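Included below are structure tokens for two forms of one protein chain, each presented in isolation as structure 1 and structure 2.
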Structure 1
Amino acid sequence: MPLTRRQLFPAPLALALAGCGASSNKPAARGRGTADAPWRIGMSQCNLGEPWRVQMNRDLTAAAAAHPNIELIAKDAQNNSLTQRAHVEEFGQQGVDLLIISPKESAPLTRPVAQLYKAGTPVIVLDRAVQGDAYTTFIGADNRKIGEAAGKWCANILGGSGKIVELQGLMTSTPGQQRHEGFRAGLALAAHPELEVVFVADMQWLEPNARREMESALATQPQVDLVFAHNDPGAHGAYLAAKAAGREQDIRFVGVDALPHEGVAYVREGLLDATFAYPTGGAETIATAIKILKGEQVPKHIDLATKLFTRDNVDAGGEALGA
């Protein structure tokens, strides 16, 4: 069969790409950590389509801006593992002094990250892990601990007695499963016989779904004392449903994530009773990066502590809970 123009098209493209790779093969000069020759830090974010990750990049950029001796180069993999793998390779070609990566998924990114690390570039893995131990340090928060903190707070605020609605994040996702497990462990239903989870639904992290599920909960449950949603948009959706039913005064609303313009703002305005931060770790990451670049030792695993925001402490910046 003769080749058509369409079939031929990828060939020159591949050649061009191969050419680029060959020409930029020698690594660029490394930074020295001065304002003239700053350390260059490559940052690969898996998906800037999520507000929490946009916030993470903002926190990283803000923290980096305070240090003239580093330069942050941020890239967005748009939820594509192979794009992210290309980022890692590109940063390697560019000869960055340190890589920060928040991987989309562990399996496809473990090898590229390990190659870069073994070639001598320090790597900070943020929020989601890679397999093995071929990286400098992992920085992340623990969803299970956050769920547990929320569960304990809810059991306590209800005085050990009440009817609870749990609006879950996507239960096929690890954060959803861990927040759920932690929440149930924190509630300690066995120790609180008066405490009951009366309605459970998967709202897939989405506010419109949370509102729909909460409407169903309100239609079937004459008494609801507290709603725990696995994220703040879910809690907000539940609030809107309760408000439309005229029952928002009887119910406490608790969420997770505590983004400044989302959960924290909802608490400040009195819509939610509490939200538990899932920290982005922006400031800690930059501080750790500088330590590594200066040659200091850092732990292999850095656990980010959650923060509790309630109406009483929101203006004071929340209350840090132990990691």
Structure 2
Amino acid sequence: MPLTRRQLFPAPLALALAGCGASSNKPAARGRGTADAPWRIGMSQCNLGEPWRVQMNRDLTAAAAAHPNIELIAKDAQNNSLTQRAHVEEFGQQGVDLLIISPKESAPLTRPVAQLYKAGTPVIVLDRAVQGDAYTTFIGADNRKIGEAAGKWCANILGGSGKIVELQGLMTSTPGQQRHEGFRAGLALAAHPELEVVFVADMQWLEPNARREMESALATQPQVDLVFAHNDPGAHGAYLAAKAAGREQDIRFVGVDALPHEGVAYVREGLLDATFAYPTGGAETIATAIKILKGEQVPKHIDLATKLFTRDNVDAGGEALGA
């Protein structure tokens, strides 16, 4: 017996919205694109356990809601690559007009995304990349550039001398890998022999993990001058661990994301010394989906701009990073 739409998209995982749509590699797929017969976009989010991803879904939803000729169907993979792979397959079976995916990990999602794309469904890969180029377009900020800018800022603020903790995002994800590579390049440790990374841990983007890892760092390292976390929840978790140990005044904390109610607020409150903006890309993604659905050409890679927020510039709206 064929599965019903309710079975394929159970209530806890799917959210249908009157909003922005989907297509195949052909314009006006299957005759859709009207309020009565909207394009359907499938969205697979790797998890909703991170505040930044919750904000991404809100931004996608808000942008989609402005377009009554589009239906957005959003699913939460709950940090499970196998679940996310099943999402892609289910969306293909349902015949969505376009897929948006923000992958948990690159390798496990590359093949199902490529299969759907090669079968004629356009795919927007958002934030985290897959391997190869079997997708329509990738939208995201330059993680390596952000990591390198963070490394340079940290080396400068420390005057080229100090002990550093790096709390990494999920290192099987491209943002974690690229932020790490950029950070080390920006630190230029060979040129700064008195800078030393004394503790490294993968906190998988999660604040509770970061707090536990920072507790370990503080227990084993008598001196820590700065913490660079790959996201703001990680930096905040590190701050809380340091505060509990009575060492927060001796350490600088730097993160990435710069959500107004999170990283930017932490900088304004004096909890973080700096954060680098990582835009969710929600509005840009829906605008790009509409172009694809109309049969327009879009770039293979769309870069999102970033900013640096410090205690000196936060009230002025941050400082844009140069090219």
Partner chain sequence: MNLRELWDRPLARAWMAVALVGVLGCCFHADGAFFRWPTHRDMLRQVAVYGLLACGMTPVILTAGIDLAVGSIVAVSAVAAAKLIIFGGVDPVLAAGVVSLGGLALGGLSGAVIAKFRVQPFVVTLAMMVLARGLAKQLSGGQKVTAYAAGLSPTEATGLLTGLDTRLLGDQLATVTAIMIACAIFTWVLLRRTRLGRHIYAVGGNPEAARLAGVPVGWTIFWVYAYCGLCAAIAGLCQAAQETQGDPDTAMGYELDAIAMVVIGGTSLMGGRGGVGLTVLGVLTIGWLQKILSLNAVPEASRLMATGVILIGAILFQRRKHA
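All figures in this text were calculated on a predicted structure; none of them were measured in a lab. Structure 1's sequence is the ruler for residue numbers, which start at 1.
Where the criterion is the form predicted alone, structure 2 meets it and its counterpart does not.
Seen as two rigid parts moving between the two structures, the chain keeps Ala320 and Ala190 on one side of the split.
After fitting the larger rigid piece on its C-alpha atoms, the remaining smaller piece is found rotated by 27 degrees between the two structures.
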